[in-house]
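Coming up is one lone chain in structure tokens, specifically the form predicted on its own.
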């Protein structure tokens, strides 16, 4: 047996190879040049194996501005719903939206995000939902760097006995803290918008801290 035999590279579809090729160029650490994509997923529940994505919403942020014309929204065909989530998200208003398959949504999402830095609130959940969907279609995990606004927000706080830093902060708490309208809360694009505003305000606060750098932000 040849222990040094190279592992054969899998042949992935063109859409994945096109996405992967965008990471061959070295990333910039100049903050105004970084394209952040702030995104959110609405899902049938919280089980990565059994629940499914209902919609994905995303906005691009560059140089501390939201580029509304550079946004992404996809509604997916699904046949499985939890009654509780229908009540929260109003997701059964499906006749209002054109629906696409999970694979088509992933193809479009990968094309939209490219090698951007991805931002989400409680990012681990959204990242895993996308990665589990990719896995169902034989694809590897996302290659992008991720930032979590729930983690970044805590870096702006000063811990004190009178006002201790909490382990978690909800998106509603950030919206109230930064006086952001919650008009479209519980839609993927609406939550992505709230997260994007909160993200920009958090970064402005972090920039005031000593030794701030984009490289440290992305660590």
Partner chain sequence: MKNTISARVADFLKNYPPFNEVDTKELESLSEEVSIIYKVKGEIIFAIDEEAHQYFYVVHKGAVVLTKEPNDEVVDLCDEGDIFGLRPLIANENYKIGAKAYEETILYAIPIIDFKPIIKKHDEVGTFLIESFASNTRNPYSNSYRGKLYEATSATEQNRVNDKELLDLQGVPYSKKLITCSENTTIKTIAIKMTEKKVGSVLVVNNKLPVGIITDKDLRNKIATGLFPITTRAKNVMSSPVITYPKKMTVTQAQMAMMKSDISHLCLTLDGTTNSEAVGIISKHDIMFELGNNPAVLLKAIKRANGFKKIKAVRRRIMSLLQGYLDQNIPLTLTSKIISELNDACIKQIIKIALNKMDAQPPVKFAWLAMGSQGRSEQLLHTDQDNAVVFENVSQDQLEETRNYFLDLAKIVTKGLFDIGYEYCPAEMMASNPDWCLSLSEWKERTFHWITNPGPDQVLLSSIFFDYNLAYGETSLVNDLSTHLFETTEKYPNFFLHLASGALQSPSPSGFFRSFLVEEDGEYKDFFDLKRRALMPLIDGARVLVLSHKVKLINNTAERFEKLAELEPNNEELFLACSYATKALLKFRTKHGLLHNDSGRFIALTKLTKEEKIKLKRSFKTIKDLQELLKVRFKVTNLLN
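What you see is a predicted model, and the numbers here were worked out from it, not measured in a lab. Here the rigid core means the biggest group of C-alpha atoms that line up within 1.5 Å when the two forms are laid on top of each other. Numbering follows the first chain given and starts at 1.
Unshown form predicted together with its partner chain; subsequent notes refer to it.
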*45, 54 and 213: each with a heavy atom within 4.5 Å of its partner chain in the predicted bound form?*
no
_Contact with its partner chain in the predicted bound form for residue 168, defined as at least one heavy atom pair within 4.5 Å: yes or no?_
no
*Though only this chain appears here, would residue 184 touch its partner chain in the predicted bound form if you measure heavy atom gaps against 4.5 Å?*
yes
*Looking in the predicted bound form, any heavy atom of residue 179 within 4.5 Å of its partner chain?*
yes
*Check whether residue 144 has any heavy atom within 4.5 Å of a heavy atom of its partner chain in the predicted bound form, and answer yes or no.*
no
*Quick one: which of 69 to 77, 118 to 126, 98 to 106, 136 to 144 gets within 4.5 Å of its partner chain in the predicted bound form, going by heavy atoms?*
69 to 77
*Does anything in 17 to 40 come within 4.5 Å of its partner chain in the predicted bound form by heavy atoms, and if so which residues, in order?*
none
*Under a superposition restricted to the rigid core, does residue 30 display a Cα displacement of 2 angstroms or more between this form and the one not shown?*
no
*Do you see a C-alpha shift of 2 Å or more at residue 167 between this form and the one not shown, with the core held fixed?*
no
